[in-house]
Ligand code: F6P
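One chain comes next, on its own, written out as structure tokens in the form predicted on its own.
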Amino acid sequence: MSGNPTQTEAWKALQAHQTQTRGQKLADLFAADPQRAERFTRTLDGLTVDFSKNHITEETVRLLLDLAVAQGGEDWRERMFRGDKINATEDRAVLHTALRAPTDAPITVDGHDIIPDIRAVEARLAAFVEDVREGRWRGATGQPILHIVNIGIGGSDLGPRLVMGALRAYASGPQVHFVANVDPADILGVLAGLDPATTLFVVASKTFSTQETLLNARTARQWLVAALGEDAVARHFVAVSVNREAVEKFGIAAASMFPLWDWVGGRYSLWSSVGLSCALALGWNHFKALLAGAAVMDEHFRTAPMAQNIPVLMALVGVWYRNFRGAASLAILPYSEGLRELPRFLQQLDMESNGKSVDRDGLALDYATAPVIFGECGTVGQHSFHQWLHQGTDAIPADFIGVRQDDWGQPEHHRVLLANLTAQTEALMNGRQESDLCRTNPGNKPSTTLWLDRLDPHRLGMLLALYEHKVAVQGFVWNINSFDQWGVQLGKKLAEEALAAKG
């Protein structure tokens, strides 16, 4: 299937190519090819990705595609969509894509078609969302639900938090608040501004045993019971979990428990019942539009030729910088306040998925895997770490994400925002020579620019699925399991042991 990529002829050819092109200047590549921007830009349904400001040529892309083929990238991709158990260490399929499948074509796991199960849960979620939003589900005192508190951590927090920040212009239901940190300042700060009678808690924990989530949930429960009594719990708490016994013991009715499946990893769980808080605020139709956008990217990823395949190209450009040009970091720079949480979301997606030092066979790696992901909104980041990007000794690849549509009716703000995005990519590429070396910007720093026609549920779904598939392809190339997270589990275990030792 695949093995150590460094042993392939494609890897060796890329090493030789890097030696030959080491002194390559981006400005010279543009000067030599007036059509370069067009040649290295790909578009799909309101999403445009411009790779032209990267240290790549058509030969670079050809060699990278050879590497992806040599590592069985196309086969791994098909196995993932088909439902094979490519998460071998946990003996699980990887089928978050099934949650947004646009048709009812069968997808089987262990001989069982999972699509009817998905549709049944969707129907329950949609009905509950409408009941809350239309005032049919009310709190214990008969008042409507005005506030949702999402209690979760990791994928049960980062995905929904990102979506609500990005799509706040589409929110028309209860206001959503998020609690993740076990530090009491988090939960108490949220509760301080709420009325128990109009608050609904969504507790998201697959096993209903996640230490931080359950402690925060118990604190919320105590706050509610102190105000409304024990019987109120059933009207103010719902669960996203599979542990019916633990959920009912907490006081949540089984009918208020929404399941998810082993073949959905935490960092991919936004598309499942974990998205309930978002659906409550946005409405079911907008939540389904988010899934539909992701499904468009799924179809493109699965069917587009590799040379035109946006997730594949993004992944391979990342491999080029990480393994052949020595870049240890990737900057995520959204020029949209709505996407402020995107760097944090991608930290988990990328670093938890590909932060591995052994391959699928348990052999130690002698090559680099996931880069450090960091970032901040433009223009805020320009007044902090962008100095390092421009004049530091490292050449850090950067993803700039812009939104063409002004959704806030403030054309001057929007014009200045996008002018800054364009200026930053130009300054990184071209730099500027000054007689005073302290003022000189060397340039020749790489970047990729992603444009969304607008920040709506559909395009957001596309963007998130794009990054999901990019990370998966890099795992395929590196011959690692991108879908387990045993390093996370060790920390949990040691914390439990420390607590037990202290009694």
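Position 1 is the first residue in the sequence shown; the rest follow in order. Quick caveat: nothing in here was measured; it's all calculated off a predicted structure.
The same protein has a further form, the form predicted in complex with 6-O-phosphono-beta-D-fructofuranose (F6P), not shown here; the description that follows concerns it.
> Where does 6-O-phosphono-beta-D-fructofuranose (F6P) sit in the predicted bound form: which of 80 to 88, 300 to 308, 204 to 212, 177 to 185, heavy atoms within 4.5 Å?
Replying inline: Among the listed stretches, the partner-contacting one is 204 to 212.
>> Can you work out which of 338, 343, 266, 318 has a heavy atom no more than 4.5 Å from 6-O-phosphono-beta-D-fructofuranose (F6P) in the predicted bound form?
In response: Exactly one residue meets the criterion: 266.
> So which of 348, 219, 430, 382 reaches within 4.5 angstroms of 6-O-phosphono-beta-D-fructofuranose (F6P) in the predicted bound form, heavy atom to heavy atom?
Replying inline: Flagged contact: 348.
>> Is residue 352 near 6-O-phosphono-beta-D-fructofuranose (F6P)? Define near as a heavy atom within 4.5 Å, in the predicted bound form.
In response: Yes - in the predicted bound form, heavy atoms of residue 352 and 6-O-phosphono-beta-D-fructofuranose (F6P) come within 4.5 Å of each other.
>> Please determine whether residue 492 contacts 6-O-phosphono-beta-D-fructofuranose (F6P) in the predicted bound form, using a 4.5 Å cut-off between heavy atoms.
In response: So residue 492 counts as contacting 6-O-phosphono-beta-D-fructofuranose (F6P).
> Would residue 153 count as a contact of 6-O-phosphono-beta-D-fructofuranose (F6P) in the predicted bound form, using a 4.5 angstroms cut-off between non-hydrogen atoms?
Replying inline: Because a heavy atom of residue 153 falls inside 4.5 Å of 6-O-phosphono-beta-D-fructofuranose (F6P) in the predicted bound form, the answer is yes.
> Is there a heavy atom of residue 485 no more than 4.5 Å from a heavy atom of 6-O-phosphono-beta-D-fructofuranose (F6P) in the predicted bound form?
Replying inline: Taking the distances in the predicted bound form, the answer for residue 485 is yes, it comes within 4.5 Å of 6-O-phosphono-beta-D-fructofuranose (F6P).
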